[in-house]
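The chain below stands alone and is given as structure tokens, in the form predicted alone.
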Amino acid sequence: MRWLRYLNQWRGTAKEAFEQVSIVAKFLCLIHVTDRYIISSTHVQGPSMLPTLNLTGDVILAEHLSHRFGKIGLGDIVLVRSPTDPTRMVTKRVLGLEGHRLSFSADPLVGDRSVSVVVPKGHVWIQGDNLYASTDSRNFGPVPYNLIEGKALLRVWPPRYFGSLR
């Protein structure tokens, strides 16, 4: 009998604790879904997107919906899973969509020999803004559309460069 009274005393506390844990779990799920499937902040750095993005790094907001609905266009800056190293994410500009014919300099450091390609169905052509320091479609060819992870919306850091990435 005494044991039953003791159990009833803790029932309310346990219920309240469970409700609080449930709220926290739902909130963490919401954060995960938002970050993975809707919008996220991403730190990007390196020379390949100079002068658009800083060498020392920028924080950008990237949305993860456009590519799911086929709304990636020419000139968009996209986050792409690297075709050569799937553990890395690269940030490049879309310069060609499926069916487009592109000509590019095979090696801008050596000469001006030009190469032409047609972007196959289901692929995009991506390049960094800094032709001399970018590993991109000129090196590994057209990228499958399903490797696109998001589209850059705006730079949020450093504050003096806050704004659109067009």
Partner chain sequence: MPVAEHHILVDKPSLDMGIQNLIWQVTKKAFTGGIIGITISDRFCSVVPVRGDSMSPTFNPQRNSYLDDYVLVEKFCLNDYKFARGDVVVFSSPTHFKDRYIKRIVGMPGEWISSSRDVIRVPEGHCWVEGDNKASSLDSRTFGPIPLGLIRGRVSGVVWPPQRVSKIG
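Residue numbers count along the first chain shown, from 1. Keep in mind it's a predicted model, so treat the numbers as computed, not measured.
One more form of this protein exists, namely the form predicted in complex with the partner chain; it is left out here, but the text below deals with it.
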{"item": "Heavy atom within 4.5 Å of the partner chain in the model of the complex - residue from 57, 122, 51, 99", "value": "122"}
{"item": "Contact test in the model of the complex: residue 147 vs the partner chain, heavy atoms, 4.5 Å", "value": "yes"}
{"item": "Distance check, residue 113 to the partner chain in the model of the complex, heavy atom within 4.5 Å", "value": "no"}
{"item": "Any non-hydrogen atom of residue 36 within 4.5 angstroms of the partner chain in the model of the complex", "value": "yes"}
{"item": "Partner proximity in the model of the complex: residue 86 to the partner chain, non-hydrogen atom cutoff 4.5 Å", "value": "yes"}
{"item": "Residues in 21-51 with any heavy atom within 4.5 Å of the partner chain in the model of the complex", "value": "26, 29, 30, 32, 33, 36, 37"}
